[in-house]
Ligand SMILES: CC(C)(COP(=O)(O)OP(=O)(O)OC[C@H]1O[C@@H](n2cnc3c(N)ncnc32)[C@H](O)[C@@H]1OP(=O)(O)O)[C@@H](O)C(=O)NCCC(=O)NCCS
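Given next, in structure tokens, is a single chain: the form predicted alone.
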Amino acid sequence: MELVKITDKLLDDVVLIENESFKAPFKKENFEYELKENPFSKFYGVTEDNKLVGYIIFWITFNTSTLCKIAVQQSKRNRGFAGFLMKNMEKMLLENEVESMTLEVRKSNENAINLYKKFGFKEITIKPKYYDDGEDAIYMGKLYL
């Protein structure tokens, strides 16, 4: 397991993982924006045998942060890759003196909710009909300092 910074050359692999992971996946252009234009975006991946198997995008704005995306290739799930990405993200948050992080997660995404709870995230509220298909989001947060 190795942490890598996402580059243009890895974007096609990111899109493949995205498409198998989400009901409403980002397009390649969305990832290009995160990589090249969003000054707050941090975009990392995890590799196994030099092959990308997962990625994480989070934003740091001053002393707060938002978890934007995390996904692991379907055949590699439940093997610690998401936890590896989360641990490395939290290390960067602490290095940048980030005080808190928030995220939204589909109410039906039990695996993600359990991952976030394992890392100390707490439910703040429900955002009704947050997603395009009408599903509610759970808004979660965590304090670091």
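Quick note: we count residues from 1 along the sequence shown, nothing fancier. All of these numbers come straight from a predicted model, not from anything done at the bench.
Although it is not shown, the form predicted in complex with this ligand is what the next lines describe.
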- Message: Since the partner isn't included here, can you check whether this ligand sits close to all of 59, 91 and 121 in the predicted bound form (heavy atom within 4.5 Å for each)?
- Response: no
- Which residue among 66, 47, 109, 41 has a heavy atom within 4.5 angstroms of this ligand in the predicted bound form? 109
- Task: Would you check, heavy atoms only and a 4.5 Å threshold, whether residue 81 touches this ligand in the predicted bound form?
- Result: yes
- Consider residue 115 of the chain shown here, and say whether it contacts this ligand in the predicted bound form, taking contact as heavy atoms within 4.5 Å. yes
- Task: Give a yes or no for residue 70: in the predicted bound form, does one of its heavy atoms lie within 4.5 Å of a heavy atom belonging to this ligand?
- Result: yes
- Query: Do residue 77 and this ligand share at least one heavy atom pair within 4.5 Å in the predicted bound form?
  - Reply: yes
- Task: Between 1-39 and this ligand in the predicted bound form, list the residues on our side with a heavy atom within 4.5 Å.
- Result: 21, 22
